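Shown here is one chain on its own, the form predicted on its own, set out as structure tokens.
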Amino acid sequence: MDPHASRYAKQILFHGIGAEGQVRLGQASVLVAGCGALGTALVEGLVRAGVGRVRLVDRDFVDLSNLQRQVLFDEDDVARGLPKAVAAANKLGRINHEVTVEPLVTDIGPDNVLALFQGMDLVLDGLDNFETRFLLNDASLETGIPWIYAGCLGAHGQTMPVIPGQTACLRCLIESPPDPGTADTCDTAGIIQPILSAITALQLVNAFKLLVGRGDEIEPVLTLVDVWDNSHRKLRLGTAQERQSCPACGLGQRDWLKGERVARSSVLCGRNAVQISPAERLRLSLDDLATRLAPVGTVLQNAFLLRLEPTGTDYQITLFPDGRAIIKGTEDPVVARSVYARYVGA
């Protein structure tokens, strides 16, 4: 038997995919936005299924607290201080060498989101914040490329396909993100791994339907699952008439894509940390930074990032070549910006 056919034999036998569908999967390109609990499960499913090209984008590095639920990482990734996208790509290359995995260690913002969408057939939501999800929604509507929204908290999760011109979009569901401090996060409610498995399974099934040409079989609904209560609901949203009044898919507003509603700092879920992003992307020399910062604390450097633990403080600063920094030891953006300014510069 052809080794290629042997690898995917059980998948090809399934009537929803078949030989033709497998060929389509091999020709498809998918962007996975975020490589945390959702993203690692999504990208592993895509790579094992033989999707031809996967672009994996994440701004963060592997932390010990990730290992409870982020399935591609291990303790060695933590010890090496690897960015999540790089650590995931290393594992995925050993799972299926036939798939092209493009790891990008960067933040998704209004200045690069359209470039990240370019050449993709589908975008999958592996994010942990609503701000970037609204940005994906704007970019999807602008480009016509579908995306599949998902979110999980505690034992509850939800997912919804967004197919421009055909289904409701994220702003049909939620007009704007909740104000800070008004909704639970994984810091306050926690999260368990089974809900992530349930929601990513639903995302992947809809992804396969779209990629093999069976998008007409997708239900245009918001699916809500609670694995602790063993409950499952579907909500149908946004008739064609209702979508006309939606700010994004009806009225054409692109508030996040224009950068009008994008913050320059963001609290990282469950990490006691804040990300700081400069107003413009930079090109920093990690070698020069290591030399300059060595006198003020302990410095760990690899090809992708630099980590500083300033002497006499409880902060840990992780710097990336584009000028971004993750300030660990505070959830206050004002404090984080102050620490950034003190050690990195304004």
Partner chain sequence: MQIQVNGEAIEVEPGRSIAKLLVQLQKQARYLAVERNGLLVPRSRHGEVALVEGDAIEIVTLVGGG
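Numbering follows the first chain given and starts at 1. Here the structure is a predicted model, which is why all the values come from computation and not from measurement.
Below, we refer to the form predicted together with the partner chain, which is not included among the displayed structures.
Engineer: Is residue 210 close to the partner chain in the predicted bound form, meaning a heavy atom pair under 4.5 Å apart or at it?
Structural biologist: Looking in the predicted bound form, residue contacts with the partner chain do not include residue 210, since no heavy atom lies within 4.5 Å.
Engineer: Heavy atoms within 4.5 Å of the partner chain in the predicted bound form: does residue 271 have any?
Structural biologist: Residue-level check for residue 271: no, no contact with the partner chain.
Engineer: Can residue 139 be called a contact residue for the partner chain in the predicted bound form at 4.5 Å between heavy atoms?
Structural biologist: No, no contact at 4.5 Å.
Engineer: My question is simply whether residue 91 lines the interface with the partner chain in the predicted bound form - judged by any non-hydrogen atom within 4.5 Å.
Structural biologist: Contact with the partner chain, no.
Engineer: Of 238, 103, 81, 110, which residue is found within 4.5 angstroms of the partner chain in the predicted bound form when only non-hydrogen atoms are counted?
Structural biologist: Comparing distances to the partner chain in the predicted bound form, the residue within 4.5 Å is 238.
Engineer: Given that the partner chain is left out here, which of 252, 144, 119, 178 has a heavy atom within 4.5 Å of it in the predicted bound form?
Structural biologist: Exactly one listed residue reaches within 4.5 Å, namely 178.
Engineer: Of 72-80, 201-209, 121-129, 92-100, which is the one stretch near the partner chain in the predicted bound form, taking non-hydrogen atoms within 4.5 angstroms as near?
Structural biologist: Stretch 121-129 is the one.
Engineer: Using a 4.5 Å cut-off on any heavy atom, which residues of 151-171 would contact the partner chain in the predicted bound form?
Structural biologist: Stretch hits, in order: 151, 152, 153, 156, 158, 170, 171.
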